[in-house]
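This document opens with one chain alone, in structure tokens, the form predicted alone.
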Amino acid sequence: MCEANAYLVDKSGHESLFLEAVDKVEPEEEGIRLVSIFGEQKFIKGTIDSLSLVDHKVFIKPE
């Protein structure tokens, strides 16, 4: 499987898991919508900080 996990990155660089098995990352005017392979959706006001494609990770900086 090629899903990623999404992590929030705080100002000190600490990562905390936000959503597992992310299938879609959809930019919206106010932030980012993430959708998992199980249909769970989460919205976060923030920006994508980085992607680690080999490790299947999406890093998001919340506002």
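Counting begins at 1, following the sequence as shown. Worth saying up front: this structure is predicted, and the values here are computed from it rather than measured.
Separately, the form predicted together with a further copy of the same chain exists; it is not shown, and the next lines address it.
Proximity to a further copy of the same chain in the predicted complex, defined as a heavy atom within 4.5 Å, singles out one entry of 23, 20, 40, 15, which is 23. Using a 4.5 angstroms limit between non-hydrogen atoms, residue 51 touches a further copy of the same chain in the predicted complex. Contact between residue 55 and a further copy of the same chain in the predicted complex is found at the 4.5 Å heavy atom cutoff.
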